[in-house]
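Take a look at the structure tokens below, where one protein chain is shown in two forms, each on its own, as structure 1 and structure 2.
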Structure 1
Amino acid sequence: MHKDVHKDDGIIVVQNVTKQYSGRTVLDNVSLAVEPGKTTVIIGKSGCGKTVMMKHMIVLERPTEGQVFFKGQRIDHQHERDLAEVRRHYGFCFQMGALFDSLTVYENITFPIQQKQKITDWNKMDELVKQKLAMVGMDGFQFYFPASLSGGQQKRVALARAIALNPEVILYDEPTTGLDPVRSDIINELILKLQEALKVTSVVVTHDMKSAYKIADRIVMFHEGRILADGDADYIRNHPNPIVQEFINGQVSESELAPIRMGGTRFETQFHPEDFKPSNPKKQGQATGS
């Protein structure tokens, strides 16, 4: 499924992007325009190109072919020092939170700010940290270290850090991974809250279809480096393509099940731990020079 897009069709536009690693194609001539102020969710099997696509949006990866635009400006060919200014408009929430273990919650949240500017008014910074933590229900945890927080609390702190610089775009990479259903739903609610309160554009990579249906204005499914389906939740739920249905319903295709279901397979030789002991320890020791 290929759709022509213009550089001004969205706040982020990926235009005819191909990405190859050692001759292996991960993204295959993909075009995608991200609508401002909306939540775009990217789904698909592991290895289909979802996270690679997200990394191109912030130019953590550069395309083999094609172009990437932010607010109509081409960014994929820019020097790192120029990209630093572009990235000020982005917040990024990594899959496992990616907090600095040696820093307190307070220090984690102020870290991206200190990378951009020298802080002179620490009273103002205290208020900013308090405000960001309050938005994710974590005010009062300023001086905790990440190791003393639960997985869900760490994700919420990571969200607070992602919004520290008031971004226009937040990129979420598997935000509910490793969380139980209740904690996952808290993250979903926070994604919705931040979009509404901050008027941000959100791009979310996830395998979690319950989360996708709840937060998405638009769901884009990748398959083998291309866009297979693109529409709202109802469109995806009722999509006629069997590959889409297998993924969203968590079903394994018959072709993938065939090797698992092979019956009667038995190896003639069965190994036991003693089979791996040297038959002549003295001789082996001489051979190795011991």
Structure 2
Amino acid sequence: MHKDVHKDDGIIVVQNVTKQYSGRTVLDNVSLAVEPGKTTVIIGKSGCGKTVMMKHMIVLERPTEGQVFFKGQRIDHQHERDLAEVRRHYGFCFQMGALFDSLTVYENITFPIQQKQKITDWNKMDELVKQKLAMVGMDGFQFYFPASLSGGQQKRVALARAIALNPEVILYDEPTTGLDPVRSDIINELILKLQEALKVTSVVVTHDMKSAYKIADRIVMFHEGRILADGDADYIRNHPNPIVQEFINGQVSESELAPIRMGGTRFETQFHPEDFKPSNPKKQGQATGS
């Protein structure tokens, strides 16, 4: 499926982008226009290029071919210095958190502000940090170092950091992965709230269909570096393509199950340490390599 997009079609426009890593194509001529003030959810199998796509939207990766636009301005070939200006409009929540491990939670959140201007009113800053952390249920952890937080806690701090400067565009890379169901739902509400209250444009990568349906104005499904389906929640739910159906319903096709089913009743693909011992008469020939 391929649609032409124009550079003014959205706040972020990715046009005919191809990305190769040492000859292997990860994104294959992808075009996508992200509408302002809407929440676009990207779904797709693990390894299909969602994170790579997200990084192109903020030009952390440069396309091998194709163009990226922000507010109608081409950004994919800009100099780092000019990109820095563009990136201030973004918040990016990394898949693995990417908190600065030499800084405390408090310093992590104030980092972008501190780099931008000299902070004079520390009381106000304390208040702001407290408020942002409370949003993700992490108030009270201001002076912890990231290494002493659990994975889910780090993720939530990363989320607080991404939204700290009230950016216009927030890119969330799997914000709810690794969180308990209640907490995930709070994050969903947070994303909705930011969109409603501040008209933030969100792009969310997720594997969690429940949250996708809840927050999405539009769902885009990637498959092997291309866009396979693109539409609202109902459109995706009723999409005729079996790959889409398998993904959203969490079913697997028989062909993908084959490697697990193989071997009948005994799980023969399992390794047994004794199979590799030279004393085992049955396997001795193989083990000694003769």
Partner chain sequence: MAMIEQIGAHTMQGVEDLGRFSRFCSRGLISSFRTLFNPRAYPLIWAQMNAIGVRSVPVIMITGAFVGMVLAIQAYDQLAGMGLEERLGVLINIAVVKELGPVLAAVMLAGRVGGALTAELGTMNVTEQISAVESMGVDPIRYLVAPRMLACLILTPLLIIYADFMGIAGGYLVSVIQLKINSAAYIDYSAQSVELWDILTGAMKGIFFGGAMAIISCYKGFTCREGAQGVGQACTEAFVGSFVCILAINFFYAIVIKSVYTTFWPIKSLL
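As the structure is a prediction and not an experimental result, all values here were calculated from the model. Take the two forms, superpose them, and find the largest set of C-alpha atoms that agree within 1.5 Å; that set is the rigid core. Reference numbering: structure 1, starting with residue 1.
The first of the two structures is the form predicted on its own. With the core superposed, Ser211 shows a C-alpha displacement below 2 Å between the two structures.
Relative to the superposed rigid core, Ile113 undergoes a CA displacement smaller than 2 Å between the two structures. Core-aligned CA deviation for Leu103 between the two structures: 2 Å or greater. Structural comparison between the two structures after rigid-core fitting shows the C-alpha of Gly140 displaced 6.1 Å.
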